[in-house]
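Below you will find one chain, with nothing else, as structure tokens; this is the form predicted on its own, and questions on how it binds or moves follow later.
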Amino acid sequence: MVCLGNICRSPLAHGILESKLPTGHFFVDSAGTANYHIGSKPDHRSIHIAQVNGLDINSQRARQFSVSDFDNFDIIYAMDQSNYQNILDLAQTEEDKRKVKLILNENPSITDKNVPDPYYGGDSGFEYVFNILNETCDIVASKLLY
């Protein structure tokens, strides 16, 4: 799961998808394309909306996406078109490029395929982001499990 700073959207997507998959069978992680928040906890609003929904993402720490992630992961979900392109720019092979997907492309009921960045908005933005990621991660998990 990859967004810009790895403190709002991708930690939520990470925690949500992880909660929907059997422990020990999948490894879910998140990163940011920028290095603004390396080592930081998720934004307190992401932590809060996750807690309200029964998830604990408090132990996550922001890290920057790296070229080695192409070797370490089978699927790399970008939260928006800008980060999708930033990830593709780091791809070294066609196989690397095939691993990169826009997460909301998995959800046919959502028209705008960019997960909005709630950082500069209020709590309702975090709730909206949680809800669309939760719905989409249900679809992703069902594909991974069957």
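On a predicted model such as this, the values are computed, not experimentally measured, just so you know. Throughout, we count residues from 1 along the sequence that is shown.
Absent from the display: the form predicted in complex with a small molecule. The rest refers to it.
Contact check for Asp69: every heavy atom lies farther than 4.5 Å from the small molecule in the predicted bound form. For Arg63, no non-hydrogen atom is located within 4.5 Å of the small molecule in the predicted bound form, even though that partner is not displayed. When the small molecule is considered in the predicted bound form, His37 lines it closely, a heavy atom lying within 4.5 Å. When the small molecule is considered in the predicted bound form, Ile7 lines it closely, a heavy atom lying within 4.5 Å. Between the options Asp29, Glu106, Asp96, Asp117, the residue in contact with the small molecule in the predicted bound form by a heavy atom within 4.5 angstroms is Asp117.
Partner contacts here mean any heavy atom within 4.5 Å of the small molecule in the predicted bound form, and among 84-92, 50-58, 97-105, 117-125 they occur only in 117-125.
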